[in-house]
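The chain below stands alone and is given as structure tokens, in the form predicted alone.
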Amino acid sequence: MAETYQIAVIRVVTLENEEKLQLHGKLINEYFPNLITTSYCIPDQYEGVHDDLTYERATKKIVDLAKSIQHKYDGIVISCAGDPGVEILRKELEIPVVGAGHSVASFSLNFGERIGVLGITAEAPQLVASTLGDKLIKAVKPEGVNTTNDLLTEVGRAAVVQTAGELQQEGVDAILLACTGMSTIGIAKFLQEKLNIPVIDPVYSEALVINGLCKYRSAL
């Protein structure tokens, strides 16, 4: 029987609905049943992280929360493609801490040399861009999608589909989804089947990385 690991999942958008709060943790557990998740969210961040100001505000909240719960868990996932607080926490905590951004970017490099980035900001998140380097062909933002909440609308979803098609026309080998809100709406599989190219999901990627790090620590 596979060893199980207790994982804290920190959402960077304030969620008062318990089902919505637990969604990313539920996905992680479905991908890797040995990861037992407990989800948290930060306060007063109802539009999540979508620019420098919301990133800065979220970072302190995430760091404080992670430090307060670290003793309960084998690892912590910051479920955001901007990876707020991840570098700070990696230096200060003894357990693995991963973010969706670096996880999905590093995983995407297994799918080709030309990676397109589809997110909610005009430019790719910093760690995504630096990880991809010259393999980042183009970063795009769907029209009218400015926060993670916009992805929950029919108009937002349609805009994501249209923009993904435009990325495909650029000749990319794979599309990296640079917002975990796209995992929330479960669009990766739909896009992959529609466009017939790999579409890399950020929540799956963060789950893959935290599982590997926990297993590695256990093997030493």
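What you see is a predicted model; the values in this text were computed from it and never measured. For every residue, the number given is its place in the sequence shown, counted from 1.
This next part talks about the form predicted in complex with another copy of the chain, which is not shown.
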item: Options 117-125, 100-108, 73-81, 144-152; stretch whose heavy atom lies within 4.5 Å of another copy of the chain in the predicted complex; value: 100-108
item: Every residue of Glu56, Val140 and Arg157 near another copy of the chain in the predicted complex, heavy atom within 4.5 Å; value: no
item: Close approach of Ile185 to another copy of the chain in the predicted complex, 4.5 Å, heavy atom; value: no
item: Partner contact for Gln168 in the predicted complex: another copy of the chain, 4.5 angstroms, heavy atom; value: no
item: Lys189: touches another copy of the chain in the predicted complex, heavy atom cutoff 4.5 angstroms; value: yes
item: Contact flag, Glu92 vs another copy of the chain in the predicted complex, heavy atom cut 4.5 Å; value: no
item: Listed residue that, although another copy of the chain is not shown, lies within 4.5 Å of it in the predicted complex (heavy atoms), from Ile10, Val13, Leu23, Val209; value: Val209
item: Residues within 4.5 Å of another copy of the chain in the predicted complex, restricted to 189-220 and counted by heavy atom; value: Lys189, Gln192, Val199, Ile200, Asp201, Tyr204, Leu208, Val209, Asn211, Gly212, Leu213, Lys215, Tyr216, Ala219, Leu220
